[in-house]
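Given next, in structure tokens, is a single chain: the form predicted alone.
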């Protein structure tokens, strides 16, 4: 008989209460099956018989590496290159208004890096039209494994579906991941302008020295409670320059929040 590896009501409550308090993540009871399927591979890899033992192992204080896996498994990393193309089209159209000084961009919830490299390619392509264009891209996420993949900049052909063949040829080189053909981002100028780091958006303050012209926080706050969403949006706006733009995901909104923003286009807001 196989060991019982489903999550008890008590363990689900303890885990989700912790995740809500520390990270602002909100899990409804119907998400228990999804979480069970995500954790199963870790229980099997560690030869742990049940979820309670796994939680004890994670929170024993001796397993920092496993804690990183735990956080990676409870966060969602669905992303892609040039996702929500209309947002990048709009960004491209207004770049001349911002190009008189260095442009600072923050990808808040950058996941495995597709967003930061999309921004890097877009800006680099515009340098021929805007000779003075200079920029810095900060990418943050709560998941260390996701950030490690972002730092490597290596993607399969499936993950690169949103990238045109011409951009692939220009910005990537062929490599292997095991026996699988892949492409690695290969532009030293762009990577020199990208800085990646761990940041929990539920922290009281954000340890970022810069303020930003553009903040992309897409498909992140959707996983927060309404109150946490409001607090996170306020902290994001505090890091946005007057006149700067906030880009949210297609299922997210800042309308009705009484924050100093005006809607420019769906999911695109400007700080007043």
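Positions refer to the first chain, counted from 1. Keep in mind it's a predicted model, so treat the numbers as computed, not measured.
Keep in mind that the form predicted together with a small molecule is not shown, yet the notes after this line are about it.
Within 4.5 Å of any heavy atom of the small molecule in the predicted bound form lies no heavy atom of residue 233. Put simply, residue 219 is close to the small molecule in the predicted bound form: some heavy atom of it is within 4.5 Å. Using a 4.5 Å cutoff between non-hydrogen atoms, residue 261 does not count as a contact of the small molecule in the predicted bound form. For the chain shown alone, residue 80 is a contact residue for the small molecule in the predicted bound form, at least one non-hydrogen atom being within 4.5 angstroms. Comment: 193-201 is the region of 179-187, 193-201, 157-165, 126-134 lying near the small molecule in the predicted bound form, near meaning a non-hydrogen atom within 4.5 Å.
With the partner omitted from this view, the residue of 119, 91, 142, 138 that lies near the small molecule in the predicted bound form is 142 [heavy atom within 4.5 Å].
Site residues 99, 214 and 244 are none of them in contact with the small molecule in the predicted bound form, judged by any heavy atom within 4.5 Å.
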